[in-house]
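Alright, two takes on the same chain below, each alone as structure tokens: structure 1 and structure 2.
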Structure 1
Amino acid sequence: MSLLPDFALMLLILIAAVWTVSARDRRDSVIGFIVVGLLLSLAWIRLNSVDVALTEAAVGGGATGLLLLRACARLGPNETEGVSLKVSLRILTGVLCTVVAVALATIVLYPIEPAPTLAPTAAAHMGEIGLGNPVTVVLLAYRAIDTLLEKVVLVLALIGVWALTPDPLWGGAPGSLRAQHSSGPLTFLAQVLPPVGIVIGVYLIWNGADRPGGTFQGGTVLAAMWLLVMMADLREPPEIRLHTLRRLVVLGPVVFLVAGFAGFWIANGFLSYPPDLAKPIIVLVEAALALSIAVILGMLVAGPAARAPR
């Protein structure tokens, strides 16, 4: 098989990365980063990791890109000076980076043989649980504890962002995400696309049990639809004191924890499921997690409250 496409992709990724770091303007740098994210999702497909490719495209390029673009808009148009650093410092940093790169490249070029793998263990779990997507099996059964903690990290991150609200505004709504000038095409897109996005998001979540897809990817699609509606100014971001919002944020982790503790008396320990109930439990947990992810990602992009509660 020819290496040419891979080589071209690698070159494009590196060029976009250099652009991202070297661009003068802040916004150009963010756009470079989004391009890197999209190219990386192609690389993930070449690495036979379709689940990761979907996540990278949705979260790595899409959600992070939107977050950074908003930050650019808030920070004003111009990059400050200060790019002119001492040449000696640049050379020193260059040497440091080269050393790191050479060390990593050595590991890549002379890897351990045979390659360590946990694939057989994961495959054995697949049979027990009856799901067809090995990545979902790892995320929700074999290494469910990691996923649970990651959900807690998401909730903590949201609490961290909300905690930056100035005191008088506590409980209010985040600043409007509206684009500066209301415009027909954006409104139209925000009216037509979200229902389609909902069907696709639910499809990704549901289908993730057996084929590529899952809670992260589906949840991000749902979050993106919500953000699109807020950007087109069809709906305002909700006030962060709303109980419904807060319940949705913790719904996923709570359902996950309940399922985990239930393992003590319906199976043999924390986060273990009885074989015949495993699939329904996992699907239930996935649905709750996806809803929470959608809400958390949306609110993370929206940022801390910027308006006093009404």
Structure 2
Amino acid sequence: MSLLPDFALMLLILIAAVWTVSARDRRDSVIGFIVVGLLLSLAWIRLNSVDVALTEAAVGGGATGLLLLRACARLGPNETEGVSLKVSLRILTGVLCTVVAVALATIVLYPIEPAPTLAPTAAAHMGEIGLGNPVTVVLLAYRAIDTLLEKVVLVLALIGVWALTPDPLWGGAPGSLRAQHSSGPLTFLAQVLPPVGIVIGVYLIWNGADRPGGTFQGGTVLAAMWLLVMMADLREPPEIRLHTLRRLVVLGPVVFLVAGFAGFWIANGFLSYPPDLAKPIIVLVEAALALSIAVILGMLVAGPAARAPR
């Protein structure tokens, strides 16, 4: 009986996944994708992986789903008509998906005993860094180079979106995010919710050093509050030529790089931290990264410039 909620959640995930891949309307598919992401976050909660659940809800289902909805809105009504997969390609896709599903099920149901893990080794050195959240320790200490490259990829993704701007509009502002028809409830939420959302976002960033939370989760919440204000037409998207905007985009990776190169002088290695300064440096890097993530995600959703610069 104690497993009934897990079986129900698993069934809901499967139903939502089937709906996502079988829906004929692309907007319905994206909505199904968002639902799958939110249900998966609940599954991670059931597995006591709160950090992963927060990331899935904020980035996997939330930010990515919003990007896909914006992509659907930019596509014309007839741009995907006539596009269909051959029967042989559909069969091949189904076979490959089945092989992956069987392989994953085998790994989960018949794990290696004892399971290989570096958790004891990682936990043994957490005290030297001064952080209480093992996920943050791994991301910003043990594999900090991977985390740095992930943030650089975000900057490159935004540059790729901006590169879609027509030449005469370069440097201008993205199109307005407001709905075609004004909405009183949306405007009310955009006036009331951002102060609370900003506090929650800052809390997630600060809390990530010792408890579930972190830069991606907090930055995504901040981006959501900014997008809510722009969608309610309380603020227009900024012009991409603004120096302040561009500085905020690269702030996080630059601070991360500075901290990395400073490690040569203060800890004898790239992205190395002295024990007494490890936590302050990591918290500073996380705050800068969260701000850049919020700006990048907001501008990714806003899209390329659609209006000429003033």
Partner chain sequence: MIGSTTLYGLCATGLVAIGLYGLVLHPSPLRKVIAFNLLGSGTFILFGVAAQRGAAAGLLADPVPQAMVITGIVVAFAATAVAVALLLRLVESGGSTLEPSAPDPQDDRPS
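Model, not experiment: these values are computed from the prediction. Rigid core (definition): largest C-alpha set, two forms, superposition within 1.5 Å. Along the sequence of structure 1, residues get numbers from 1 upward.
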Looking at both copies of this chain, which one is the form predicted in complex with the partner chain? 1
Following rigid core alignment, is the displacement of the I145 C-alpha between structure 1 and structure 2 equal to or greater than 2 angstroms? no
Could you tell me whether the Cα atom of A103 shifts by at least 2 Å between structure 1 and structure 2 after core superposition? yes
